[in-house]
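Only one chain is included here, represented as structure tokens and corresponding to the form predicted alone.
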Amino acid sequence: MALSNSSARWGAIAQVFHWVIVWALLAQFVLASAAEDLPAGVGKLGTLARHKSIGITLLVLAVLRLGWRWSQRSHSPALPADLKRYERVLAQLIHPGLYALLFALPLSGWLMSSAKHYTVSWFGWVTLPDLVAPNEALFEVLKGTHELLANALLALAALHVAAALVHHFVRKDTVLTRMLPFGGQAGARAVVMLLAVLLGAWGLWQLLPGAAATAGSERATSIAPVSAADTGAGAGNSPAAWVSDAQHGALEFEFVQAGAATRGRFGQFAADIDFTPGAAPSGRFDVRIAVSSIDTQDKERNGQLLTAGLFDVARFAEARYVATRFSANAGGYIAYGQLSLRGVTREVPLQFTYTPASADGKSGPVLAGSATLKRLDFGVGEGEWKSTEWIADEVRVLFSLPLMPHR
């Protein structure tokens, strides 16, 4: 088979584009349907991540296919000359409409995901930029638009398939077979039968009770809570020299979700700080965090993070970090502190810098730095959430704390 088109047949490249897009679209509708039936959780997150990756693939294929079609415009198969006027008009409307929807659907999905603050990743290999800022109202509009476009694509695709079948079985021309890699009557019958089997199987799968539900994963091993007193984290109750809070500072975190970096913050925390910089630094950090103040710019994800499978805020409302040992290094300082989170206490080293107060006294000292920890070390991830396939184990915490005198 020739790579390029001829007046009698579509070439191999055009056929590959056509059939790969067909199978990708079938996969998209199956994944979208499955995701609707799944409860919030890892299964739904993974299904939607695959849906988005295939959507971006379709967008790229549409660009390439349109470019190839344009380059082959002078020698491509024409519509049969004996078509009725309305048939020719329908063909001239359906084909451009399908191309337009191949662009509009992935782009609307990309916009929708950005508005939801779910950065799109292409199979975990390439992270795409967000097209719009997080906006719940815009997300709802884009969601409705995406569903409308999907229904329009279904309608146009149904018309396209019906027309191809009419050409083959009623008009008995070559419109269908010239797009088949193996041509002829037998090839056409095989394609029709395969499509019928696939559609029938999909319909049966939809009717099966609980077919789209995912089985519950292995429960995480429970970890006995360790109190601050057990580690010495509660020692020292004298007033701190400096304080900081969420109104003046920032406490953020980064994690990888479905292959893309996602950032959130805690809106409520209080820090009591004593620190003496130098070659032999000393002091004490005591930071308390209201876990319920977590904010990832998506209310559904925020609510999920507070459930028993993740932070379990009903039982563990507060996280606490206490450090009483410090050392200096080339990057500034390291605090060796105990983080108590979800009933578990572990040592977490904290790399930070200390900027002294300004000479004019208009601004106080500033602590800024980061730490990397593993959520599963603290039991943040039980049941299906224990899996790291779609949500990474590693979490990076970042902070900037302008310090004010303790009053």
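Numbers follow the displayed sequence, beginning with 1. None of the values given here were measured: they were computed from a predicted structure.
What follows is about the form predicted together with ligand HEM, which we do not show.
Interface residue remark: L373 is not counted as part of the site for ligand HEM in the predicted complex, having no heavy atom within 4.5 Å. The closest non-hydrogen atom of P106 lies within 4.5 Å of ligand HEM in the predicted complex.
Contact annotation for L25: at least one heavy atom lies within 4.5 Å of ligand HEM in the predicted complex.
Contact annotation: R171 falls outside 4.5 Å of ligand HEM in the predicted complex, judged by heavy atom distances. The stretch that touches ligand HEM in the predicted complex, counting heavy atoms within 4.5 Å, is 28-36, out of 65-73, 359-367, 28-36, 346-354. This chain is drawn without ligand HEM; in the predicted complex, the residue among L180, V256, L153, A319 with a heavy atom within 4.5 Å of it is L153.
The contact residue chosen from F139, W242, Y333, F266 relative to ligand HEM in the predicted complex is F139, the criterion being a non-hydrogen atom within 4.5 angstroms. Taking ligand HEM as positioned in the predicted complex, the residues of 108-136 that bring a heavy atom within 4.5 Å of it are, in sequence order, G109, W110, M112, S113, V120.
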